[in-house]
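Single chain ahead, written as structure tokens, the form predicted on its own.
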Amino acid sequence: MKKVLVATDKPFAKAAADQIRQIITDAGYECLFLEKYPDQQSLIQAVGNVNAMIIRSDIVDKAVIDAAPNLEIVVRAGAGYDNVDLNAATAKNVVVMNTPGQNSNAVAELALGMMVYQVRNHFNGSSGTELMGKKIGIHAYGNVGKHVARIAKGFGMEVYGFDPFVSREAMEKDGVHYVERVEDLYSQCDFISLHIPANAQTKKSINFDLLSLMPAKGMLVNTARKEVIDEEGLKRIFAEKKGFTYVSDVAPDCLAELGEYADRFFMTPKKMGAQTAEANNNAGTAAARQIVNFFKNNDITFKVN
């Protein structure tokens, strides 16, 4: 019997975990759980005889893959998969998948929620500003970006989008202004919502030169990855552009150095993008179904390596 390990330092909600277990056991496989484990060695010790893994933000590095000789597939319950060593997985013929779109609405709602919190001065009782009538630029018009556009239009915002992999026709069909150059997105919009992955092309791509194009009171919203931010450029922008604000769902490495800008910087205490009951359930059950389909039908639709 094939064994599926659900390895989550940050566990799924009970309802989601129960559905994951049912999907896997109904398919004839054994479902094991490793939750809130104390260290990486605990994960390494748990994978010795498993055939599949479901993870969240857990690190599946070469050491984990090497310790799992029977491993055939790893599914990241969520969109990002930079926590998995793809080269090590490929070398051992391990399929890696993500579950794109399952957390998208949760992340989009958080992005707009953080914008409201910031423009209303952290709800401190003083007069803030409104989102209505402002321009928002969506940097990467994928699953999350589309939800951001939908919600932003509900606020009465004017929506712009940049994504070299999405056509003008597709954006305009959604009522989004298509922007050909990323520089124009940053120079035109009051708010920029980041949804790019962290890869060789994007790491530190959000730099001083790009941020300096933003309006005097521009706001950067990051629900993506900290690695896409050039933190030296970020610190310089804070110092030179007195109206610039930054809200983030990921802690920057230079967090302590941003303390002096508390009125212009807000960060969630923990990464909250996918932390809703609905997203928890959607991503977890999607991961379970993908593993079942892989074992039964060799379905590799969401393979990323």
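Note that residue numbering follows the sequence shown and begins at 1. All values reported here derive from a predicted model rather than from experimental measurement.
What follows is about the form predicted in complex with a small molecule, which we do not show.
Proximity to the small molecule in the predicted bound form holds for all of Ala77, Asn103 and Arg225, with the criterion being a heavy atom within 4.5 Å. Note on the interface: of 34-42, 256-264, 270-278, 66-74, the segment with non-hydrogen atoms within 4.5 angstroms of the small molecule in the predicted bound form is 270-278. At the 4.5 Å threshold, heavy atoms of Asn51 stay clear of the small molecule in the predicted bound form, well away from it. None of the heavy atoms of Arg289 is located within 4.5 Å of the small molecule in the predicted bound form. Taking the partner from elsewhere, Lys10 is found to have a heavy atom lying within 4.5 Å of the small molecule in the predicted bound form.
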